[in-house]
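The chain that follows stands alone, in the form predicted alone, written as structure tokens.
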């Protein structure tokens, strides 16, 4: 992303979660519930067979099996005793990993606002399904804002916690996800909300995401001007908003074309990474309403994760 020297970093967050936003997030729960049992983004199934609701298979009866599981219809047809097996559903922990690095606090509106709003909207769905939610903001390292907890009533307190987040430093996705992996969290869904502009480039992003042992959803925080920078022409000094490194550049139409080609390669690489990990990828326009964009994850009668 091209950054000019006149960028300023906000010291605090604006009012992230207005009454209107919280009402929209609550309505998102209803959208999700129409799509999936208990409104989940993805089904987490246990490895053990039990007496859950979904039929899975048959197996021959053995001593000690529950007599209520015997399928007498099969016995009448085959003369052998079989028991019905069912697959039990477990809750799906949701681990929200929002990028709060310094670069996300510039521009108007700051990307960090859309990222945290998207995180809270997803938390609303998960908490409404009685799943646990943990929040782990990251920049050059990962921190713990909230350890996994469940309960519909937790949404308001979670919003209050997220409102207190402060700007971080540079972006280091590898270190941050390495720290997440060291927490040995129960298998769940990790949602990374970031522009993915890591100083290590796409290679660093790929290495970091491939190290995650959970299901993954990537939420790319973008705006149209990322690819189509405006009002940049002539001789300019571009300053990296995180490292403060400066570069003098003569910007011409040919330079813009090369930049757009590089941006397209980055976007295509991110999409390829998602496909290789069988992960979800949502390009979130930070200049548009967040909740309707999150709702697209549940469109067409199925979850996109």
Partner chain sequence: MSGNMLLLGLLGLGAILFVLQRLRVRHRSRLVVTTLFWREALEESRARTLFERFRHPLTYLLLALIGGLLWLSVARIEGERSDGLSHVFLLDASATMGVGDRFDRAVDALAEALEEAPRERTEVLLCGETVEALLVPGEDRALLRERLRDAKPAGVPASIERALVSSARVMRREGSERRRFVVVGDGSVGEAAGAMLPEGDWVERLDIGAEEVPGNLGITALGLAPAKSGDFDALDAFIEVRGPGASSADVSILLGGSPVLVSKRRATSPGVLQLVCRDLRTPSQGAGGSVSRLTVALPGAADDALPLDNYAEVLLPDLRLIRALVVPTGDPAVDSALRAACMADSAIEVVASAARADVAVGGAAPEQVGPLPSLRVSTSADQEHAIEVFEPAVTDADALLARVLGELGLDRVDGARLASELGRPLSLGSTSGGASVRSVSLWSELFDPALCSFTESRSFPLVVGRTARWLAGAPEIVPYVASGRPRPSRLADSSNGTSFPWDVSAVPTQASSPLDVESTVRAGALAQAIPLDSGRASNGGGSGPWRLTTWLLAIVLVALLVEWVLYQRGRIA
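Please read all numbers here as calculations on a predicted model, not as lab measurements. Residue numbers count along the first chain shown, from 1.
One more form of this protein, predicted together with its partner chain, exists but is not displayed; see below.
Listed residues 71, 207, 199, 141 were compared with its partner chain in the predicted bound form; 199 is the one with a heavy atom within 4.5 Å. Of the residues 106, 183, 81, 145, just one reaches its partner chain in the predicted bound form with a heavy atom at 4.5 Å or closer; this is 106.
Partner proximity in the predicted bound form, defined as non-hydrogen atoms within 4.5 angstroms of its partner chain, places exactly one of 161 to 169, 225 to 233, 120 to 128, 209 to 217 at the interface: 225 to 233. At a distance threshold of 4.5 angstroms between non-hydrogen atoms, residue 270 is out of contact with its partner chain in the predicted bound form. Taking non-hydrogen atoms only, residue 253 approaches its partner chain to within 4.5 angstroms in the predicted bound form.
When contacts are judged by a 4.5 Å heavy atom cut-off, residue 244 counts as touching its partner chain in the predicted bound form.
The closest heavy atom approach of residue 240 to its partner chain in the predicted bound form falls within 4.5 Å.
For the partner-free chain shown, 253, 255, 256, 258, 259, 262, 263, 265, 266 of 253 to 268 come within 4.5 angstroms of its partner chain in the predicted bound form, judged by any non-hydrogen atom.
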